[in-house]
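Taken one at a time, structure 1 and structure 2 that follow are two forms of one protein chain, written as structure tokens.
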Structure 1
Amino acid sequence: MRTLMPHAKSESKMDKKDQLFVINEMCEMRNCSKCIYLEAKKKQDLYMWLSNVPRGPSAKFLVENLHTMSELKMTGNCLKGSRPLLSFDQEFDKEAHWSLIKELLIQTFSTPNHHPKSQPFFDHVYTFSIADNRIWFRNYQILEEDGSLAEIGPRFVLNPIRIFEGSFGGPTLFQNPHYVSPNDLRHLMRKRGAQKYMSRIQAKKSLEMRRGQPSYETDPTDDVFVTIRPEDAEEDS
């Protein structure tokens, strides 16, 4: 994220015991008005906060399908520090919560004009598209003036969870009714696996019940001394 945004200012890691409101003080000390906070839980779930410091609003997302630039090995490339063009899907203008998220994304990802760490021209595009109630992020290089593009990376999907009135808290302005937490998804997967195991056990039991019992007991040693005559073998062949 710091590579994508030349105007970003990094900060040391927070203590897990600290409240999220401490981030507002950090932003004021670094003279920042927008903040991106990445929160990792259980070493497998990644959450992203977008906040307007210090009065809000702020939005919390679940980051899904994250692929870095080194992982994708795309053919596109751009000059480090160049300013990006922001492209948004038309779905952002149809509902109020998408419009609010769009404004947060514009103010956070757009590089200010004449920033000392940025280049004064545009050579790549950030696209934000809405599909399946999620925001899909892609980064493209502008190859020619006719609009031909080549993807650079990284790529990720933002699943909105909540929008708060304040910065990192406050009253809830919007809550996603389609959001399912990763813990619930993992619980459903384990439950489905347990159901498959139980169904397999029940199938074995039903097979044993349906299998017919022998009418009389046989001794497997009865056929030990049975010999096959040569003429019987010739007839079988």
Structure 2
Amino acid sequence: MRTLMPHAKSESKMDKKDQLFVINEMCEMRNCSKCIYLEAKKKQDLYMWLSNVPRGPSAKFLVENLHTMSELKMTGNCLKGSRPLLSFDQEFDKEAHWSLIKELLIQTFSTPNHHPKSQPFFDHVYTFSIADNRIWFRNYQILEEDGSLAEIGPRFVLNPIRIFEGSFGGPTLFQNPHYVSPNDLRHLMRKRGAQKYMSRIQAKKSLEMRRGQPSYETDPTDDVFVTIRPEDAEEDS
């Protein structure tokens, strides 16, 4: 992503045990006003913090369905450091939290005009759209100016978790009711798997319970010599 954002400054990896407030200080030291902090947990979940550094607000997202730019099926390409057009879904203006997130995204992802590392042309579009209560990010190359596009990548889905008033902390302004943490999701999946076994055993037991007792005891060898004549058997078949 850094190749696409010429206005970004990278910072070395952070110790996990540090408080998140440390990031504020780091940003101030490097003279930044916006911050993207990517946090990987358990080697499988990726969280993204978007923050407006000195005062806030900040938002925390869960990153899902991440495809990197190095994937081979994305055929587009663009200049390194050209300024992206930011395209937003109409849904962003309908609710307060979406519009706040939109403002945050605009301020973080747009490259300032005449930035020394940027290129003066426009050849790619960032698309942010809302579907299924998530923000879907796509990056397209502008092939022709009549509107033919090719995807460059990366693509990812941001599932908002919370919006805080401060930067990396402070009172919560918004909490996503649709958000289920990946831990819970995995827990549910495992539980469902376990319940499958339990329910199978239950079903077996209940079947045995429901099977009625024989009403009259008969000798199973009684009907050994009750046979069908071959003529009848043929008729049956």
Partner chain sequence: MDLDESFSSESSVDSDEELQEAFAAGKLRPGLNLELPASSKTINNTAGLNQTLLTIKKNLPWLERLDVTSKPATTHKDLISQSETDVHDDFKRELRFYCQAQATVLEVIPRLHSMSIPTKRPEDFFAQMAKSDDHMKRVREKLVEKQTAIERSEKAKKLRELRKYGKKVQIEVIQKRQKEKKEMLDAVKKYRKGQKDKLDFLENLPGEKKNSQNKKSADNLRPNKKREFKNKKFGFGGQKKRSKMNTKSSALDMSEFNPNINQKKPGKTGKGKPKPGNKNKRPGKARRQKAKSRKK
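No experiment lies behind these values; they were computed from the predicted model shown. Rigid core here is just the name for the largest C-alpha set that superposes within 1.5 Å across the two forms. Here, a residue number simply tells you its place in the sequence of structure 1, counted from 1.
- Here the chain appears twice, and structure 1 is the form predicted alone.
- After superposition on the rigid core, the Cα atom of D222 is displaced by 19.0 Å between structures 1 and 2.
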